[in-house]
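Just the one chain here, laid out as structure tokens, in the form predicted on its own.
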Amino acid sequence: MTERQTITPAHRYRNNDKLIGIGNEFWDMSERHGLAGIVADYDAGTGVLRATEGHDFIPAGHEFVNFSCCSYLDLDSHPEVIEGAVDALRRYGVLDHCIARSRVQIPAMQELEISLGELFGAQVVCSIAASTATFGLLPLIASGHLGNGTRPLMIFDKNAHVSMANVKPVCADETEVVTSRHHDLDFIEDMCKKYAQVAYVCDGSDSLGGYAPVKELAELQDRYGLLVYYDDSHSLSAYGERGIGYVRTHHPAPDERTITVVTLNKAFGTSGAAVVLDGQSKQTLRIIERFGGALNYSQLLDTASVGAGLASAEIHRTDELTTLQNRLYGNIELFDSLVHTDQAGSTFPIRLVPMSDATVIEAGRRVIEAGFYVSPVFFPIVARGTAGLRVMMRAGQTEQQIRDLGKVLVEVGARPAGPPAAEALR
């Protein structure tokens, strides 16, 4: 019998053996300690969750406040958003019009894209998820069909979210792909001098607390024609006038060389995603619509999500949004006065409380037992040896909840905020 051949992977752009081999051990530990796989009811009135299934450490009925939720303005439970979803179902009488949008679409989707386009001052294409949009758009950038027609060198930031990093192998089948150190402007400029076209892929606001150097990248765009692809999901709604996000607030003049994708599932409070574009021709928009992968499959935003999105967009046009943003910033400032993190002093709603790999799971368990949930993060979510407890601030959290959480975090090993840090926040 002929010996069967085995395959040795190249691992040029991803390595599941490494990711799963190391990361899954921490996920298993998290689940064993009641920090993953949690099933809980949510009380919209109090913002408290109640475990519905028992666990060795977390009994059924245990109540806790979720400090690991991305709904930074609590719009996902806003009465007008809920009613917007119901109203859209009544108006259009169908939940999910299951056909590719390039063939037939109901007016609801078009209505949402027009509303968001006016809100952002841009062209908008909606998607079922930011990761779906990214998987459809990045290969079009790699082939030069979304750009100036030249296949670019694709530079992926080392810390780019997994939704972008996972598309590296697909892009590499169309063009050359490299990975840079985090926001390495010198490397990006060197590549711009060497290659006829360069595209840089990064987070505008990342999931561990930080913003991209948007102004500096805009200078490279003007000087070399650099194309930048941002995922600005964590700052949408929580940052900027009318909640337009960090990238559009700080970019001096976005044009066709800047492409931004944002999820509507976080601070915007609804569902789906928006691709934010400037100066694209109708022909390019049709290419995106027809060849952007799942952007054109029969898996579009359902009618309820569209209705909720329209309602949230209207809230973004009112003073209520500013009120919610200010409440969020006040809660962030209070937390920074209690617990030391490297993100202290910024408006970013995520704080990473440093812990060692050996202590992060036990610390997280003690926190949830005390009535608060903060998610332990570890490799591959963060670099090896930089584990921590990820705390997410929201507008609806009370002062007492934040103070109580800060006390518990210090008890489990967090460093309290010292006088210099507290003074800087005044």
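Each residue number is its position in the shown sequence, starting from 1. None of the values given here were measured: they were computed from a predicted structure.
In what follows, reference is made to the form predicted together with another copy of the chain, a form of this protein that is not presented.
Chemist: With another copy of the chain left out here, work out from 87-95, 237-245, 251-259, 313-321 which stretch has heavy atoms within 4.5 Å of it in the model of the complex.
Modeler: Result of the contact check: 87-95.
Chemist: Which of these residues, Val124, Leu185, Ala129, Ala344, gets a heavy atom within 4.5 Å of another copy of the chain in the model of the complex?
Modeler: Contact with another copy of the chain in the model of the complex is made by Ala129 alone.
Chemist: Looking at Asp56, Glu399, Glu31, Glu63, which has any heavy atom no more than 4.5 Å from another copy of the chain in the model of the complex?
Modeler: It is Glu31 that has a heavy atom within 4.5 Å of the partner.
Chemist: I'd like to know if Glu411 sits close to another copy of the chain in the model of the complex, meaning any non-hydrogen atom pair within 4.5 angstroms.
Modeler: Although another copy of the chain is absent here, Glu411 would stay clear of it in the model of the complex, with no heavy atoms inside 4.5 Å.
Chemist: Since only the chain is shown here, I'm wondering whether Ala358 would be in contact with another copy of the chain in the model of the complex (any heavy atom pair within 4.5 Å).
Modeler: No - in the model of the complex, heavy atoms of Ala358 and another copy of the chain never come within 4.5 Å of each other.
Chemist: Using 4.5 Å between non-hydrogen atoms, is Asp222 touching another copy of the chain in the model of the complex?
Modeler: It does not: once another copy of the chain is placed as it appears in the model of the complex, Asp222 has no heavy atom within 4.5 Å of it.
Chemist: Just checking whether Thr52 would be counted as a contact of another copy of the chain in the model of the complex - the rule being heavy atoms within 4.5 angstroms.
Modeler: Residue-level check for Thr52: yes, a contact with another copy of the chain.
Chemist: Is it the case that Asp41, Val170 and Gly272 all touch another copy of the chain in the model of the complex, with a non-hydrogen atom of each within 4.5 angstroms?
Modeler: Yes: Asp41, Val170 and Gly272 each sit within 4.5 Å of another copy of the chain in the model of the complex.
Chemist: Does any residue in 186-203 get within 4.5 Å of another copy of the chain in the model of the complex, counting heavy atoms only, and if so which ones?
Modeler: If the 4.5 Å heavy-atom criterion is applied to another copy of the chain in the model of the complex, 186-203 yields Cys192, Lys193, Lys194, Tyr195, Ala196.
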